[in-house]
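Just one chain is shown here, as structure tokens, and it is the form predicted alone.
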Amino acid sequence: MKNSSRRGFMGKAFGAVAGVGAVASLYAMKRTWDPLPSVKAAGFTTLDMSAYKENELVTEKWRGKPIFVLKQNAEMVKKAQANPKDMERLIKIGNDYFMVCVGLCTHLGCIPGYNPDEQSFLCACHGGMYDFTAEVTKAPPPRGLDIPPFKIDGMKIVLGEEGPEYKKMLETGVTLKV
């Protein structure tokens, strides 16, 4: 009898150790499949829109791409209100309007420069021009600068998340999915 109770104990102990080892192995495998925190963080960028100044272009970075942020002044908003298509490209946060777009020309991917006096963008590579809403005013670019996915969160905007305002822009054809 003593041998069988010892044998039973050894079997149960071996089973418990094997069970703990299997759970630890599965946990380790799951952790290797999960994206790193740095990779997760690279997907979203939060911008505090109260920090921007009117008619001053600020270039942010999102997923390795330049993001242009331009707070519209009263003159720009008045011009944009004359053309409903221009107003569709602007993002209203609080009482202010912003142009937020990926700062890469839709022709060949060059980075356009902003001229605050003329309130326009010029892509020096092939002479393409965009207005203050990032809409094409002179070819060869095939469309306006793309608008990144965004979600409005109070006075902040979260790039990389699709909010209702961005989904509306996609549905109406204002921008393409980036």
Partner chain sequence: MAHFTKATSLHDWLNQRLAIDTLRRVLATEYWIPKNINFLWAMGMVLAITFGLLLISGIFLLMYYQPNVNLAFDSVNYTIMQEVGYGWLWRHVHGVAASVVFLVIYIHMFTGIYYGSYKNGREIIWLSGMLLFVAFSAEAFSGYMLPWGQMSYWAGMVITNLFSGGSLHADGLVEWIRGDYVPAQAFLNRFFMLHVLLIPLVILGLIGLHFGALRIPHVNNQDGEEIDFDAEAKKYLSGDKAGSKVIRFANDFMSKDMMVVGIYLIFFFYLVFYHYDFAMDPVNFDPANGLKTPTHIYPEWYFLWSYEILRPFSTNVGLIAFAFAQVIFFMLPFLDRSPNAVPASRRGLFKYWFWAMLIDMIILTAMGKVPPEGLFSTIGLYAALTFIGLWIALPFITKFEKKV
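The structure presented is a predicted model; accordingly, all values stated were derived computationally and were not measured. Positions refer to the first chain, counted from 1.
Quick note: we don't show the form predicted in complex with its partner chain, though the next part is all about it.
Visitor: Would H107 sit within 4.5 Å of its partner chain in the predicted bound form, counting heavy atoms only?
Guide: Flag for H107 set to yes.
Visitor: Does any part of P116 reach within 4.5 Å of its partner chain in the predicted bound form? Heavy atoms only, please.
Guide: The answer is no: P116 has no heavy atom within 4.5 Å of its partner chain.
Visitor: Examine R7 and determine whether its closest non-hydrogen atom to its partner chain in the predicted bound form is within 4.5 angstroms.
Guide: It does not: once its partner chain is placed as it appears in the predicted bound form, R7 has no heavy atom within 4.5 Å of it.
Visitor: Even though the partner isn't displayed, in the predicted bound form is K30 close enough to its partner chain, meaning a heavy atom within 4.5 Å?
Guide: Within the cut-off, so yes.
Visitor: Quick one: which of 59 to 67, 147 to 155, 129 to 137, 46 to 54 gets within 4.5 Å of its partner chain in the predicted bound form, going by heavy atoms?
Guide: That would be 59 to 67.
Visitor: What are the residues of 156 to 178, in order along the chain, with a heavy atom within 4.5 Å of its partner chain in the predicted bound form?
Guide: Heavy-atom contacts to its partner chain in the predicted bound form: L176, K177.
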